[in-house]
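One chain follows as structure tokens, the form predicted alone.
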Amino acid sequence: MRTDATRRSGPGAPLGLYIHIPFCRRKCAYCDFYSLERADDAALMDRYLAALLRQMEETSVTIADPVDSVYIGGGTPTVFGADRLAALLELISRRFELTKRAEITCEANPESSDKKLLKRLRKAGVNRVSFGVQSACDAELKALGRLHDFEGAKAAVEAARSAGIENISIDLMYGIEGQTQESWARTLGAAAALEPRHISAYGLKVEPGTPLARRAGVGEVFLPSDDAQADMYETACRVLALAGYRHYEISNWAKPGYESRHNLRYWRLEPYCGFGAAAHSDCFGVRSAAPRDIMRYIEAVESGGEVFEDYDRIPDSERAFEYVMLGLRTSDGISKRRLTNVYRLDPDSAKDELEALAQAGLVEDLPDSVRLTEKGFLLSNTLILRIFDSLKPIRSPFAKEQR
């Protein structure tokens, strides 16, 4: 079976592992991640587990790099069951070189998480759990089609702590049908009162092909305007800062020292290997993706055939744009030294553009880095393109004149 990893002669930079569990009790109308409403199909889950274990086992022999983050996402990983999740984690601990303080995260929904399951996950190695809470207002949860209420979310957070998992993250959403500035402020306050180590807040997007997109297209649903969402974003920045959370990425806040290590890996262009249907990898200069079809994935693994549908060796110019795009999403911004030494772009060539953006309060142009302000985060897509387009390649002094 072909994998996307290349044998290394010795340990290199730390690696991340992502495992996709594409099962849900109910697929949310806004979600465009690959998932199936097959939470009661034990036979399919067992077959999928066997495929995952085989893919991970075969990949492990090609990797000598230490692993410092593991992320089990979905779907709803907790509907996969504690035994199956523990089997995955047991193989990882046995076949990969986990660092001493590796971050091991499992996504969870409140309605499928109880103390017994969470204790089993903690025993298997999970030290961080990310709950999809979305709102503290039950009417908004109903509008989203969620299966829990906020009391259930609070109970799940308490169950995680009782199970010994202190590093808890909560996902929230703004721009929900019927949501107001006041209800959003209540959600932020209620979430902060639970004292998670990490909070994510995402604006609801109407993704093409989703049930929400079809309803919005025929006027069955009315969402808050872009201006209203911008106001909600600013409210999140203000409320979470007052609650002691550091705004370290456009949509993410954390108590100091509890930033998501695995997600930072994506934003810093650090390597990761993905396992499962629809999982992506970016390892050792090659990007790949498994099929968004559980049976095609399972059959490929079982037959020993090609698991990944796409293999791309990313050109330097694309990597440079990704570095600027992803780096400017974070509070650290982009390093001028890395622009120069790795991507061969001249920071000084963007001096006039950066000065204009700094005067507008959108950018901080520091001696060693460039980063967006919180005001700039609101316009990040536009600003990222402006900054990248203003950067010019460093010309070698030995290059011949082009005629």
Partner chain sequence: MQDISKIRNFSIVAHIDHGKSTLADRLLEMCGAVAERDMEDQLLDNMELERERGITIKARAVRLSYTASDGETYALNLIDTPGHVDFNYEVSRSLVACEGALLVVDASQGIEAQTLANTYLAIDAGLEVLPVINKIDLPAADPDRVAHEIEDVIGIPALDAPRVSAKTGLGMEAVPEYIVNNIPAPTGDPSAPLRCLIFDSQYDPYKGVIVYLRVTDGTLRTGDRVLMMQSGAEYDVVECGVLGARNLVPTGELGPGEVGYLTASIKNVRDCEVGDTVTHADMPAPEALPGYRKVQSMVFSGVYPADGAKYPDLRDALEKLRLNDASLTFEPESSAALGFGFRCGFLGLLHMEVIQERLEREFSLDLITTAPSVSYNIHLTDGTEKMIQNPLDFPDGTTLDYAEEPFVKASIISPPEYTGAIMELCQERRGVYRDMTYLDATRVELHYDLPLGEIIYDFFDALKSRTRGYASLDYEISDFRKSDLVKLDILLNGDIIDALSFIVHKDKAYPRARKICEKLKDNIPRQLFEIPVQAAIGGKIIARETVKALRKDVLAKCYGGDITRKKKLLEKQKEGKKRMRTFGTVEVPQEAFMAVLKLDED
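These figures come from a predicted structure and were not determined experimentally. Residue numbers count along the first chain shown, from 1.
The same protein also has a form predicted in complex with the partner chain, omitted here; what follows describes it.
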- Task: Decide whether A139 counts as a contact residue for the partner chain in the model of the complex under a heavy atom distance cut-off of 4.5 Å.
- Result: no
- Message: So, D114 and the partner chain: in the model of the complex, are they within 4.5 Å at any heavy atom pair?
- Response: no
- Quick one: is A360 in contact with the partner chain in the model of the complex, heavy atoms, 4.5 Å cut-off? yes
- 4.5 Å heavy atom contact, I394 to the partner chain in the model of the complex: no
- Task: Have a look at 210-218, 184-192, 80-88, 227-235 and name the one stretch with heavy atoms inside 4.5 Å of the partner chain in the model of the complex.
- Result: 227-235
- Task: Could you tell me which one of D346, D41, D32, D365 places a heavy atom within 4.5 Å of the partner chain in the model of the complex?
- Result: D32
- Heavy atom within 4.5 Å of the partner chain in the model of the complex, from candidates R95, R122, R296, R287, belongs to R287
- Message: Can you list, in sequence order, the residues from 69-107 that come within 4.5 Å of the partner chain in the model of the complex, counting heavy atoms only?
- Response: none
